[in-house]
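Take a look at this single chain, the form predicted on its own, given in structure tokens.
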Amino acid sequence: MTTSELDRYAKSLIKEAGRRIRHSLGSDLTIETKADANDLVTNIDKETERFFVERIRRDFPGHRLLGEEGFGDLIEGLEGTVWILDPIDGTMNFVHQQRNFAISLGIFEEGTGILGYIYDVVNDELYSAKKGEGAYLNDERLADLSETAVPESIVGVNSTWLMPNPYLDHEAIIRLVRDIRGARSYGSAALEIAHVASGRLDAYMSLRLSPWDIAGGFIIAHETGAIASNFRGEPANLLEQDSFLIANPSIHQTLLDRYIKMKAQ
């Protein structure tokens, strides 16, 4: 199967999963907590991941899938073809708002991201990218990012970072919020990464994200010129949980140098 054929297949799978999720919005949810009381998972998260796993194992038995809910494969390396999936990124928004959540999917070939997708289910907005062929919002190609500066930027940042914490210098984050044009927090890493790719945000940062949070958006944003790294400036981690910064290339290094100060552990 060619990359273009795989792209069409993945898009049809995502759209079908999205229809299933929309049909569930009026139904009763089974809600559980995971790592803490704010880390939610619903029956729809699980059903959506199972849907992807069953289809991929049926149609591509040689492919592997890493999913947030654990129904895929144990992935310790990115050899071969690997799908990295978050069935519902922004589960708290899904539960409380029934909007501002997304399906996030990245497909990797021998460690290289070849196809990326973020599907804003409620708004029927599909961000997608094929390596080397640009990024799209539905059928409209996204423009390359224009140069910006910190005082003109809108940055996605968690408001809890403004309080003392054991990981970051919160005073530096306060300086950032003072220096930029505005701060936003949407509650979905995938959507915030998509907003960086489309220029709606100029940067997004998070202290801890897992591969399924970033895999689809990482590929999409790269196609419009965004730079992704962890807080140490190293390449984004696609196998383990790590810090994450994605930004317009004109401010990425400035954010690392001036505002993101990790405390010694």
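As the structure is a computational prediction, the values presented were derived from the model and not from experiment. One rule holds for the numbers: they count along the sequence shown, beginning at 1.
Only in words, not in the display: the form predicted together with a small molecule, which the text now covers.
Q: If contact means a heavy atom within 4.5 Å, which one of 207-215, 51-59, 25-33, 227-235 is the stretch that engages the small molecule in the predicted bound form?
A: Checking each option against the 4.5 Å cut-off leaves 207-215.
Q: Using 4.5 Å between non-hydrogen atoms, is Asp202 touching the small molecule in the predicted bound form?
A: The answer is no: Asp202 has no heavy atom within 4.5 Å of the small molecule.
Q: Does the small molecule come within 4.5 Å of any heavy atom of Thr91 in the predicted bound form?
A: So Thr91 counts as contacting the small molecule.
Q: Given that the small molecule is not shown alongside this chain, does Gly187 nevertheless sit within 4.5 Å of it in the predicted bound form, heavy atom to heavy atom?
A: Gly187: contacts the small molecule in the predicted bound form.
Q: At 4.5 Å between heavy atoms, is Asn158 in contact with the small molecule in the predicted bound form?
A: Answer yes; at least one heavy atom of Asn158 falls within 4.5 Å of the small molecule in the predicted bound form.
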